[in-house]
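One chain comes next, on its own, written out as structure tokens in the form predicted on its own.
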């Protein structure tokens, strides 16, 4: 008897969302496999953040389904899911550790040892007692990732995780994402407009435009000989993208 194939980490089918008369996401299908670092790309206003908010359960879809590791019931599915959409927010006068303790109180019980483990994992073990107002932007981004990991998710969704960081901060976040996949066994879904980072980091990529998926596949398969990912992105999204990548 053959073994049953593992379900995808994320399966989005027919996802649609409108604001008033404007349809922002249109009949969108996406598939993320377990162990992927999946890059989610699109021109400015393509519907990336709206899509992520629907997947995370922060807003409702008008139609369509979201399945996470084979679970389509919203409550059951989102037990496997953690994420950051836009910039993480913290209490500036509390320490990094106390911020995580406060945030953990809103969900299932989290052991104090788990908070220490997460601070160490995101390279903030020696700064956990310091007030967040003293943190750099990169440190806040890493603390945000620790926050998203409080519930031990299997799928982590990150919206522009290196946006605004200096080169050292960008490398720290990229290395952390690889560690989460390679050593912690997470699947990671990353939305970004920094295409060089996506090309270096992501195994598979989906590109949307005007709320619709226009292509999805392995990174190497989307790039033709002699192209960079930026070249391929502009080729797939031209002419409507107007050269603006976000």
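Positions refer to the first chain, counted from 1. Model, not experiment: these values are computed from the prediction.
From this point on, the text means the form predicted in complex with a small molecule, which you will not see here.
Heavy atoms within 4.5 Å of the small molecule in the predicted bound form belong, among the stretches 63-71, 49-57, 30-38, 178-186, to residues of 49-57. The shortest heavy atom separation between residue 24 and the small molecule in the predicted bound form is within 4.5 Å. The closest heavy atom approach of residue 212 to the small molecule in the predicted bound form falls outside 4.5 Å.
Proximity of residue 193 to the small molecule in the predicted bound form: non-hydrogen atoms within 4.5 Å are present.
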